[in-house]
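Given next, in structure tokens, is a single chain: the form predicted on its own.
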Amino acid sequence: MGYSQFGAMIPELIILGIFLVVFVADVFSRDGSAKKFLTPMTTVLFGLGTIAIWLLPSCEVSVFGGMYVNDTASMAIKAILNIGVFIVLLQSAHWVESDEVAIRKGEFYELLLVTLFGMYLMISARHFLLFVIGLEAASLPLAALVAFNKKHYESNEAAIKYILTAVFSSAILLMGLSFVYAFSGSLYYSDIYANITSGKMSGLLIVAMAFMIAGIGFKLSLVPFHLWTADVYQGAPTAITSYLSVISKGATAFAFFIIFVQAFGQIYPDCWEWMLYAVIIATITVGNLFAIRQKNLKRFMAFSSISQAGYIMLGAMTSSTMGLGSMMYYIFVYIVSNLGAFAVITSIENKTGKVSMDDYDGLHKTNPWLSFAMTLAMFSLAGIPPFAGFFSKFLIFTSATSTGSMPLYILVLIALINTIISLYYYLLVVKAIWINPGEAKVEAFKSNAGERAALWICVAGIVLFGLVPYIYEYCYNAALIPGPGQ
């Protein structure tokens, strides 16, 4: 096992290289005039890195004794997440240049890159030790990012809640892993799968799975492990909230799928199928019902993201190529739809400090472009045709019912009913913007270049991803990978 094996970790090396360049530039920039180039430099470097990862040839590489696997699906989800991070960098460019944050913008970019590096390890891990290392590398810097507005009480409170939740969820997950190791004598996904398929089964494994689902459920904000989400989303800086809502969820959902297919594929239908049905139904329903009550848009988007996590997990129910392809496509569409909404929220908050839904009354009178973009984002999140969100929901429902299982048909029916509920609360935002009477509460203003660029990318994705079949074909072809349980 030589150092040459690190050369196979090309996406991770790209992120590490960008991190080192940003770190050196930040440390040796002694005056403010040099630091002003840090934001455009990081954004350009990351954009080039994203293009490089997207264009890398598809091949399966396994190193470090099979602990790390970089296959077609892993490369695809990394490229998809990179696009989301690039959008976050664009829409946060104005915020990091503000007086309060500018002196620490180097730390912002460094912490963000470290969390993405950890998520890459989670995605490519085929051994639970590497998975936990990636999970902690992704989680701990996020606590610092949540507390980035250190002079704001809400930001500090949110960071405390996030770090406590992360610690407890990691402890629960590690307890489950200890049981898994006691059962199989190994932490390799393939070895655990081999023990299960050989007929070896015990109550210890069932308890282990319960602990692991709980631990990962915290990261995904699945009900009943979601209670931290709204407070953390509200208290964190909006740029970090948008990052948490899509990038963290996308990486964890993919890792969840790989673990359950390649490690526990045989035990899942027998022991935990109905439990996952209940978790998904509760997640979608609770997220939708609580979103109706919210007036603060960051809390509103928090409960929306809880509900969306339930829809994403529908792709894992079939443990199939179609399920993984649909999940990846849903994550891609969710990134552009959710970040499109956050781009509008960020622009208005940066200019006025307003984040209440009531402040959006009559927004179309003063800011028609932002109103149009927010409307498209809400329509896509609600699944209204012909926008991309409709096709992502259609494909995730199709994948869930592809097995012909009656319980899955019932699960999809409940999800469809919840889609009607979600349509109601997403349209509350549209109603405030276009219909509510009264004078506009947000004055006309022009967004900065980064926010406009992020918004244009998201609007283009919302409109085109549903109409151009290339994106789904890319996700589906990337999901065509052999492996245990498939």
Partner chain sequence: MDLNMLWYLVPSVIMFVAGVYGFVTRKNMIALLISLELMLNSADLNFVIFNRFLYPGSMEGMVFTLFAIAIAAAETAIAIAIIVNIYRKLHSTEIDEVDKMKY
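Quantities reported herein were computed from a predicted structural model and do not represent experimental measurements. Numbering follows the first chain given and starts at 1.
Unshown form predicted in complex with its partner chain; subsequent notes refer to it.
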- Please run the contact check for residue 97 against its partner chain in the predicted bound form: heavy atoms, 4.5 angstroms, yes or no? no
- Item | Contact label in the predicted bound form: residue 102 to its partner chain, heavy atom within 4.5 Å | no
- With a 4.5 Å heavy atom cut-off, would you call residue 158 a contact of its partner chain in the predicted bound form? yes
- in the predicted bound form, does residue 211 have a heavy atom within 4.5 Å of its partner chain? yes
- in the predicted bound form, do 74, 345 and 351 all reach within 4.5 Å of its partner chain through at least one heavy atom apiece? no
- Item | Contact segment among 307 to 315, 177 to 185, 370 to 378, 354 to 362, judged by heavy atoms lying within 4.5 Å of its partner chain in the predicted bound form | 177 to 185
- Note on the structure: Checked 291, 163, 122, 223 for heavy atoms within 4.5 Å of its partner chain in the predicted bound form; positive is 163
- Assert contact residue (its partner chain, in the predicted bound form, non-hydrogen atom within 4.5 Å, options 206, 140, 275, 414) equals 140
- Task: Select from 123 to 139 the residues with a non-hydrogen atom within 4.5 Å of its partner chain in the predicted bound form and write them out in sequence order.
- Result: 127, 128, 129, 132, 133, 136
